[in-house]
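Taking the form predicted alone, here's one chain by itself in structure tokens.
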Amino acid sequence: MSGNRFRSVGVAIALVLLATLPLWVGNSYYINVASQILLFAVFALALNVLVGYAGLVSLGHAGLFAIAGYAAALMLQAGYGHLAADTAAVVITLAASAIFAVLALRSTGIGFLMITLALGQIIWGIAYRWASLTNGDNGINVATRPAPFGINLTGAPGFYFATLLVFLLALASMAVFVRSPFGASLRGTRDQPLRMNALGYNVWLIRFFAVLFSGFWTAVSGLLFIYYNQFISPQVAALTTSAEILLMVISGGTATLLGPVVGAAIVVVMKNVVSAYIERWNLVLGVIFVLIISFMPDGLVPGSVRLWRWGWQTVRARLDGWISSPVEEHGR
């Protein structure tokens, strides 16, 4: 089977499994865990635009994530409808992303990371201290979920299918983005920024639009998060949230579409399933990450693909040797 056909079959099987998951899982708790995996996968894919394709590591994306959630929650609390609240949340998050970009793109490397870290902490501080607006540690409750086209999303299966649809849209947009001329130019700014600048490309503007694209899907994942939990608190904007999402991207594999999804699945399953059986699940998660970085430094997905190819080539070489040996003996 050729590589393309094998990939197509794998994608088809994955889509069938995802589309039928509520049927063969049954338990609402695990359906909700699957919804969490998908919404955090959207968040991780958004961060991967910067980390993987732009070479810009951000530790402040939880701030943008929280801005979207708080904006929608506050507007809903003020009596606005879901459509108006969600639209405003996306617009506000894009505006915040633009501000983040203008400030953080003054530098790259460790400088960009530290500026985004500081910006993220500012958002956390506002959410924590401005209690008259955000209600502080008590957070904000979201009373209802939207009902697009009259579809009820209050149950676990309904919300899962809505999250799956958004996830597939995000994945498709990322695939188009990666294969587009803009995606190629963004990778060029990652690998050879000076040469790209010499060729006439505006490196700063390319990175700016990449931050906006990442911010858009971060806003969408933030909306999914508040509708899933129907609650938001300052913890959402904390450094630990940014670190967890970054670990999802790095452990799964940067500059890949499947890597952030696998990383999201690992973290969410450890937090929601394994933690019920292992008290020190954080230790186990840390060991898993150390093993991945030690033995597959480019991430779990690229490392697994490389290991699969090596194993397949080894098996084919041995099979060819076994087949050719009887033929040679017969010729003699």
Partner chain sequence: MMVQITSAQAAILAVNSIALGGLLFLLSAGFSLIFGLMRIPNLVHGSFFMLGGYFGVTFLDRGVNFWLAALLSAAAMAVIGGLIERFLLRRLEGQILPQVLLTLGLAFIIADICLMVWTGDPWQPSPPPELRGTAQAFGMFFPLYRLAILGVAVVIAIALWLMVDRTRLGAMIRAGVDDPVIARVMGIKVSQLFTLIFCLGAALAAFAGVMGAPYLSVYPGLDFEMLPLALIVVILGGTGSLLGALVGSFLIGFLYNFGQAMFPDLAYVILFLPMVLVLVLRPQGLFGRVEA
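Numbering follows the first chain given and starts at 1. This is a predicted model, so every value here is computed, not measured.
Missing here is the form predicted in complex with its partner chain; even so, the following discussion is about that form.
Peer 1: Is Val305 one of the residues lying within 4.5 Å of its partner chain in the predicted bound form, judged by heavy atom distances?
Peer 2: The answer is no: Val305 has no heavy atom within 4.5 Å of its partner chain.
Peer 1: With heavy atoms only and a cut-off of 4.5 Å, decide whether Trp204 touches its partner chain in the predicted bound form.
Peer 2: Contact with its partner chain, no.
Peer 1: Verify the contact flag for Gln121: yes if a non-hydrogen atom of it lies within 4.5 Å of a non-hydrogen atom of its partner chain in the predicted bound form, no if not.
Peer 2: Although its partner chain is absent here, Gln121 would touch it in the predicted bound form, with heavy atoms inside 4.5 Å.
Peer 1: Just to confirm, Thr144 within 4.5 Å of its partner chain in the predicted bound form by heavy atoms?
Peer 2: Contact with its partner chain, no.
Peer 1: Among the candidate stretches 178-186, 239-247, 73-81, 211-219, which one is within 4.5 Å of its partner chain in the predicted bound form when only heavy atoms are counted?
Peer 2: Only one stretch passes the 4.5 Å heavy-atom test: 239-247.
Peer 1: Counting non-hydrogen atoms within 4.5 angstroms of its partner chain in the predicted bound form, say which of Ala172, Ala198, Ile151, Ile110 makes the cut.
Peer 2: Comparing distances to its partner chain in the predicted bound form, the residue within 4.5 Å is Ile110.
Peer 1: Could you spot which one of Leu117, Val262, Ala96, Val166 gets a heavy atom to within 4.5 Å of its partner chain in the predicted bound form?
Peer 2: Checked against the cut-off, the match is Leu117.
Peer 1: So which residues in 26-65, when you check its partner chain in the predicted bound form, have a heavy atom no farther than 4.5 Å from it?
Peer 2: Heavy-atom contacts to its partner chain in the predicted bound form: Val57, Leu59.
Peer 1: Given that the shift is 3 Å or more, do the Cα atoms of Asp137 and Trp281 end up closer or farther apart in the predicted bound form than in this form?
Peer 2: Compared with the form shown here, the C-alpha atoms of Asp137 and Trp281 sit closer together in the predicted bound form, by 3 Å or more.
Peer 1: Given that the shift is 3 Å or more, do the Cα atoms of Val274 and Val25 end up closer or farther apart in the predicted bound form than in this form?
Peer 2: Farther, not closer.
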